[in-house]
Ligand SMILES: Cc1cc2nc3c(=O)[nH]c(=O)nc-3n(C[C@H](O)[C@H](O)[C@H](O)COP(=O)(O)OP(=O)(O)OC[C@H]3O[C@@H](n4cnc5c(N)ncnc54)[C@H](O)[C@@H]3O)c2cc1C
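Only one chain is shown below, in structure tokens, and it's the form predicted on its own.
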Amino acid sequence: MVDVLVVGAGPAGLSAAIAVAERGKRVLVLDQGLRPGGQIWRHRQLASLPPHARAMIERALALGVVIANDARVVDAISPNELVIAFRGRIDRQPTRALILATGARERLLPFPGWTLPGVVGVGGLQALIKSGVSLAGARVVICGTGPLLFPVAATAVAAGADLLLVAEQASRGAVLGFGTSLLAKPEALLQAAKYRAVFRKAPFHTGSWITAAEGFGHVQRAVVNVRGKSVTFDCDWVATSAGLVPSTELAQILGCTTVDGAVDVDDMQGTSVGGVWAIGECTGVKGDLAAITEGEIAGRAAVGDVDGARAGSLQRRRNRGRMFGRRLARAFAAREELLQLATDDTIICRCEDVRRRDVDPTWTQRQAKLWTRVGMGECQGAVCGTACTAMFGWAANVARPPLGAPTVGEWGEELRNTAP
């Protein structure tokens, strides 16, 4: 039994764990990654992290925070007991309080050729580079949306890539408007300028998006709508996405209310389920600084430090983060053209090989599952579910256990442990 169980070791989860440990309580952090830091701080060596990220991880460890990496939540018996897949076996972890920091994932919208090897998510490309994949001499096209484009483009160039294009689907006006809103945060604008300086040789176009990927066995060409003109680029990699989507599956299984695809929380980061708090991108995409603040609020609240959680400075900082998230969503909302890219022959569910012609947009999500198995493959709709919600207006997939596709061997270990 621990006092607080935190799911997710990104900035939000680490911040919450530190707040709990500083108040003398026992905290355990679970994370799917091989090292703490989440997707944003994915790294091979601690020394490779930015100073503030390294300092946070070192602070957590110095306080005695226990971080279990390579651990996945597969079910929730109750808010006080989760079922965990941990390095080849299934265990149950009891807790007095639960904090969800499950983050977000990329939204990929289907287009012809998007399933070709070499076509990856924008964040996926960054993760591959950080995992050691070489891009030396590789021709790369990046087409997506939002502030993530700049650091990924800079990372690709630093890794030796020949970056041919960075395309932002939002309009020039939307991008400029968002940039103007950051005038009160000059450090953010300076960071963006530094990233742009790294990939200065590559053209950056707004109002532009990929329309098709072509190749035999691997992507060889990207067809991009560059400000109304179709341009083809010979390339080795294409990175694309239509923004981020909060990961709410565990929250749904616990019975937490979601609003507009994100976990609904109060001013203390509490969910609709008693004893469960939610923080970071699963409550809405708003960046790591806001996530860190939410983590501190939830960590304090989870151990009974209500006055600390209600501190005016924390609340104001968190509210500014929420405002930033709303501006982000408005500026980089996926344009209608992206929802119309799939042709009849385009695969929309990779796990079950379901093509666009196989589904009727007038169906419900449940009908589509029953008649085509869309969303019923190994990823359980993590990719196609969000795409179909955007394209057809279907309700989001209803999360059901087990999460994360545990292996037969892991379940077998659990059965042996619980057999009479």
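Keep in mind it's a predicted model, so treat the numbers as computed, not measured. One rule holds for the numbers: they count along the sequence shown, beginning at 1.
The form predicted together with this ligand is left out here; the points below concern that form.
Contact with this ligand in the model of the complex, judged as any non-hydrogen atom within 4.5 angstroms, is confined among 288-296, 252-260, 312-320, 138-146 to 288-296. Contact with this ligand in the model of the complex holds for all three of 11, 32 and 102, each having a heavy atom within 4.5 Å. Of the residues 40, 60, 382, 28, just one reaches this ligand in the model of the complex with a heavy atom at 4.5 Å or closer; this is 40. Residue in contact with this ligand in the model of the complex (any heavy atom within 4.5 Å), chosen from 308, 207, 124, 275: 124. The closest non-hydrogen atom of residue 92 lies beyond 4.5 Å of this ligand in the model of the complex. Using a 4.5 angstroms threshold between heavy atoms, residue 71 counts as touching this ligand in the model of the complex.
Shown alone here, residue 350 lies farther than 4.5 Å from this ligand in the model of the complex, counting heavy atoms only. Although the partner is absent here, residue 221 lies well away from this ligand in the model of the complex, with no heavy atom inside 4.5 Å.
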